[in-house]
Every structure is written in structure tokens, then in C-alpha cells.
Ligand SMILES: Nc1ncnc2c1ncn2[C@@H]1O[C@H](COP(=O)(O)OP(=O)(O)O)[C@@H](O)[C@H]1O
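Only one chain is included here, represented as C-alpha cells and corresponding to the form predicted alone.
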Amino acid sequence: MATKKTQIITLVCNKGGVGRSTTAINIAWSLASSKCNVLVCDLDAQANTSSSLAKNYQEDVIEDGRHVTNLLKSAGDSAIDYIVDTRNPNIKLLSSTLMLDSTEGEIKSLLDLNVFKLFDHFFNKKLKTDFDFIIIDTPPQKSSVLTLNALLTSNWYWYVLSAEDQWSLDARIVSEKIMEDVRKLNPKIKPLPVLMTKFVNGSSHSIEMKKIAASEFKAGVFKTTIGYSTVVSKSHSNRKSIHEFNPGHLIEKNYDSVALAINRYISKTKKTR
């Protein structure tokens, strides 16, 4: 199932609580289960993705200092030197910490839009040869310099919308404005179909949100949605993916289906170019 070229996917939505981190964790696990090698890059200072995936977050990330903040402050090091193991042998992690917010503030004072190419260097050719996918989790802030950098080096951007949260859909207006600027510097970036999370079967609001998203977003919406379930919050509380916490659960199967759909969509899009 692995693709021939490393595909870099940045998750976006400048609204919190839509399931971005949940998706980063579990789509990585689903891709890895299909024999893909995956690097997850966590750019959210809440570090939920990092603490849930890292094999030993305290020792490898906090004590050893292998995280995004130290990478950004390094003298041109490759991200390879800051990657840590996860509990899945096919997933590696470039981790975040609570310090990332202050680090981003420092970066904003030093850089301008013309030199926003940080990740071109960090994700160099040597690193890319090790991975089929690089999945980038982002913070909800619309002005995040790190999110912008991620988008400038990505092949794909992926909206994650909460089916019962009207604000997550309305936020697309700001996100699309950001993407207009991104495309000026990275014209090759393309959208993946939107992922609807926290979908409530039988809910008229969830159904209507999916219908609107399908018409409003250029790439449409993935047919498979991620249902609303308490297993998500429980897996977070236990710092595990759903695949580990409750194997065989419907949410796991949902993410597995989406992972297959991503590969099909990318393969189809590449053939039509």
C-alpha cells in the first residue's frame, strides 16, 4: 500500500476540538497497519499527539530534548536527529512540548514570509526516503507560523471538521484565505477530501453539515465519517491510539477505511495530472 513518493499531509482547521490530534494519531496507526512507514510531526503545543504516541515521552522527549522546539533552535540540524520511537514500529514521531508556544513567538520576530521554508530543510531527502507519509498535526491558531511553514512544504492539506460544530465549518473562510497565500509559494499543494469527525448517525445537523461541506470544498468529503464515541476521550485519557485501546472498535475501522481512501485518492489524483 505504500506510495512511491513521500506524501506530506498537513491537517488544518483554525477551530479547536474538531479531532485534529485524534486524526493524526489514528490515521498514522491505520496507515502503519497497512505497512506504510509514517512520521508524525506534532506542531501543537498542547502535545496531545506526542504524549499519546511516544514510546517514552518523559525520557525520550523531555529529558533527552528530542522535540520540535530544540530542532527549531538548532544550528541547521536535520529532523532525523530529533525523531523518537512510538509503540508502533512503523510510526516515528517528531514531538512537541508546552514550550512550543514561546518558541513560535520567537520565530515570528525573526522571520518574514519570504523565508518561511523551515521544513524544506528539516524534511530533507535523506529523511523522506524513510517514510511513505509525513502527517503534520497543527494548532488551531489562524496565525501560526509553524502551520504556514508546514503547508509550504506539504503535498496536501486536509480539513478536519466536527459534524456537530457549526463553527468548524464557518472557520473554512479564514482557512481558505490562508490557503490562497500558501498557494502563491507552494502552487503544487492540493486538498484532500474533508474528514467529518464526531458524526452522529441520524442527526439532521451532522447530515446537513456533511452535505454543505461536500458542496463547499473543492475536493468534496470522504464518504467514511468518524462517528461520535466516548472511546475517543477514553483512549486519550489512557494516552493510546484507539487501535491499542479498543482494537476492533468501529472508530478504528472508520480510520482504517479513511486510510485506504487517502491512498486511492492520491493515486487517482497523480494519474490525472
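In case it trips you up, residue 1 is the first one in the sequence shown, and so on. Please read these numbers as outputs of a predicted model, since none were measured by experiment.
Same protein, other form: the form predicted together with the ligand, not shown, and the subject of what follows.
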| Does the ligand get within 4.5 angstroms of any non-hydrogen atom of residue 66 in the predicted bound form? | no
| Proximity of residue 18 to the ligand in the predicted bound form, heavy atoms at 4.5 Å | yes
| query | Quick one: does residue 239 come within 4.5 Å of the ligand in the predicted bound form, counting heavy atoms only? | reply | no
| residue 172 near the ligand in the predicted bound form, any heavy atom under 4.5 Å? | no
| Tell me, which of 47, 32, 226, 54 has a heavy atom within 4.5 angstroms of the ligand in the predicted bound form? | 226
| message | Using a 4.5 Å heavy atom cut-off, which residue among 219, 213, 232, 36 comes into contact with the ligand in the predicted bound form? | response | 232
